[in-house]
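As structure tokens, one chain now follows by itself in the form predicted on its own.
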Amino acid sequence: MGYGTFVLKKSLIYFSVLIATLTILYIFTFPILQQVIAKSINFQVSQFAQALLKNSHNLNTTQVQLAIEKYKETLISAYGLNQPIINKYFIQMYNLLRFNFGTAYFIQAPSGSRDVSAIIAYYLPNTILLFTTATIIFIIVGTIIGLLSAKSRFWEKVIAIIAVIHSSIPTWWLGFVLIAALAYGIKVFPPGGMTSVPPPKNPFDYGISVLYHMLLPLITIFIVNVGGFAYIVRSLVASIMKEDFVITAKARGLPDSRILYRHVLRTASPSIATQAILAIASSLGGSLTTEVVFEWPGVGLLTYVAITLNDLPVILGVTYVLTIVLLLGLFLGELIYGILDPRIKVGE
């Protein structure tokens, strides 16, 4: 099976998984979704009525009322509320796949839009910027530490201890400690937010401000996760070090570093890549508690605000989007895994 066939096969599988997942979410949220759609239609109709009354001075009251009723019927038809339940399912699934989640009750995007897609589109890149960057850094450092620890029994034990300690620390708790020590204690970092207030207008200064505010949450995420990832890499490498081809290479007198980096790492790379891909895919959803602690304006903080305000369209929209983003991350991971390990492409 060629790589093109492999990609096509995986695309069909993941699209089927996406439809199945959205269907399950749709079934469990059906009553809430109907309520959200009805309120969204009422909001759009009220917006249309205000615009019509403001701009159409030649229309009399009857004509305005007819235009509003016609617009409302068009929206009801577009969302399928007047359709049988099976038609309603297909119409609303089509809207979900087009990221049409309706209108938020209270929350607005910085542009002023209350469209749920626009709100999520503003917050999601911030989450990816922080969490995916931190994940890539702890993957690189964790892989290096894991490889080095596989060469030494002392470092092997040290990494195991660090992994247990770091992985047992909640990210939000460490965040509070670091904020107290480094932000309010010696005042090296800002306590929260994404930029200084007011945000710099110059793009370069704005970028520097974002990087400065990223450092403390990034360090926190790194500390909590790097030990665990290094321990996983060490375990994978240690198991391969016992393989016959490694023992043969040692018997041939090859240097340890050459055996480790040229033979062992190549064999372990698909498994390490799988762990890395899962970590990156998980990072796309961010973390509610971490973003709340650092006041980082990502989807985690957005979800917290939406829950406190009971803004159902935003909560549902975030749930759907994170599901799609996670599946997309796993799909890309499968494609990379297929490149690293040709056996996957032939189904071995």
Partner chain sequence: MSKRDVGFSNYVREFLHNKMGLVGLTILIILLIFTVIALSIPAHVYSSWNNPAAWSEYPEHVPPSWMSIFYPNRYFTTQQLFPINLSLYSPAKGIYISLVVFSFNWTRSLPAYNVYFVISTNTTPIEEIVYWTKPDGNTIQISVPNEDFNVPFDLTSVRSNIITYISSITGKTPNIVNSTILSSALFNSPKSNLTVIEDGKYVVKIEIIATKPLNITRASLLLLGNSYGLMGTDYFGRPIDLGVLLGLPNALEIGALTSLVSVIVGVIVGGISGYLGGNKDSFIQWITLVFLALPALPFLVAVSFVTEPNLELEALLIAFLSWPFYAIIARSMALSIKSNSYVEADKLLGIPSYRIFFTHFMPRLIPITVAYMALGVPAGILLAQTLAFLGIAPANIVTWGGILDAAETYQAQVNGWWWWVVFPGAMIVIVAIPFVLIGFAIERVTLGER
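Numbering follows the first chain given and starts at 1. A quick note: this is a predicted structure, and the numbers were derived from the prediction, not measured. So that the term is clear: the rigid core is the largest set of C-alpha atoms that superpose within 1.5 Å between two forms.
One more form of this protein should be noted, the form predicted in complex with the partner chain, which is absent from this view; the next part is about it.
Contact annotation: residue 32 falls within 4.5 Å of the partner chain in the model of the complex, judged by heavy atom distances. In the model of the complex, the partner chain sits within 4.5 Å of a heavy atom belonging to residue 172.
Proximity of residue 82 to the partner chain in the model of the complex falls outside the 4.5 Å heavy atom cutoff.
The partner chain in the model of the complex comes within 4.5 Å of a heavy atom belonging to residue 164. Segments offered: 257-265, 124-132, 82-90, 176-184. Contacting the partner chain in the model of the complex at heavy atom distances within 4.5 Å is 176-184. Comment: the partner chain is not present in this chain, but in the model of the complex one of 240, 160, 249, 75 has a heavy atom within 4.5 Å of it, namely 160. Contacts of stretch 308-339 with the partner chain in the model of the complex, defined by any heavy atom lying within 4.5 Å, are made by 310, 312, 315, 316, 319, 322, 323, 326, 327, 330, listed in sequence order. Residue 28 shows a C-alpha shift of 2 Å or greater between the shown form and the other one [criterion: core-superposed Cα displacement of 2 Å]. The two forms, fitted on the rigid core, differ between the shown form and the other one by less than 2 Å at the CA of residue 222. A movement of the C-alpha atom of residue 189 falling short of 2 angstroms is seen between the shown form and the other one when the two forms are aligned on their rigid core.
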